[in-house]
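Encoded as structure tokens, the following chain is the form predicted on its own, with no partner shown.
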Amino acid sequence: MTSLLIIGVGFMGGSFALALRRGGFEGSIYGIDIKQETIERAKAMGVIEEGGTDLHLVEKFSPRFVVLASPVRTFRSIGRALREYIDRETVITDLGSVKGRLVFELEDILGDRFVGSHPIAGTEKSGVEHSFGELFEGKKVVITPTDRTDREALDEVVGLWKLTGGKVEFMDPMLHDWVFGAVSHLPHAVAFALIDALIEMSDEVDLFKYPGAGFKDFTRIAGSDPVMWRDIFLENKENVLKAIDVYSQSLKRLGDLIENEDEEALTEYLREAKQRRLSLE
């Protein structure tokens, strides 16, 4: 029977396992994580059947699918370690938020049966205890095949995502990192930076005693896993820095309009931003 191994049994990896079960996946699901307590919790929750902390277990489980769900900067070292335990039939995919050059490097390490994928779903929560099987239902899943990607492996990964309820789209790996550097990585950077700014401004009064609903909504994603986001920022460094630069220019333009009390131009700046935001609904 087809089996699947998740490396990194956290919120995303756990939700993926539960979503597969919900969608009718009948094979065994195993897990490997750096913490044994996480494995025990995942087993107790029914997320995985068996697991442990040692990559040598890959040989024991002999999975058809391996899913990388750890922080993205661990993918290379895990991939290199995996090579001695997997065979030509093993299909490897991931849940990472960065693709780009990383996809091509993982192809060099793991071969043409690596298929990059990125579910556009999540919350600020971390840990397998917060995972749930409905996370991917109706959400986009971006898959990033290359000219090298094995077509059979690609079809099988698409099939897994369809079981989760995700809506699959395809995108070039390099384009992926520009797009999500802007629409995902930049917002997280801004939320983290806003919290940092208020820390700096709290010398005379603790500003965190007076947050309104808007502040809480805007900064919710700053509650995300710091290690995961450290890795995303560093792995997609070039695109994140470009996006921060453009955002800084927009913020400066807003500051100039306020300083100059240019009511007409300020109103137009705000109106255009409002209209584009409402178009997302």
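Computed from a predicted model, the values in this text were never measured in an experiment. Don't overthink the numbering: it's just position in the shown sequence, from 1.
The same protein also has a form predicted in complex with a small molecule, omitted here; what follows describes it.
Shown alone here, V141 lies farther than 4.5 Å from the small molecule in the predicted bound form, counting heavy atoms only.
At the 4.5 Å threshold, heavy atoms of P187 stay clear of the small molecule in the predicted bound form, well away from it. The small molecule is not shown here, and in the predicted bound form it never comes within 4.5 Å of any heavy atom of G166.
Under a 4.5 angstroms non-hydrogen atom cutoff, the small molecule in the predicted bound form lacks T219 among its neighbouring residues. With the partner omitted here, the stretch from 193-201, 70-78, 171-179, 149-157 that lies within 4.5 Å of the small molecule by heavy atoms in the predicted bound form is 70-78. Candidate site formed by H56, P63 and E107: none of these residues places a non-hydrogen atom within 4.5 angstroms of the small molecule in the predicted bound form.
Exactly one listed residue, out of R253, K43, K35, K242, brings a non-hydrogen atom to within 4.5 Å of the small molecule in the predicted bound form: K35.
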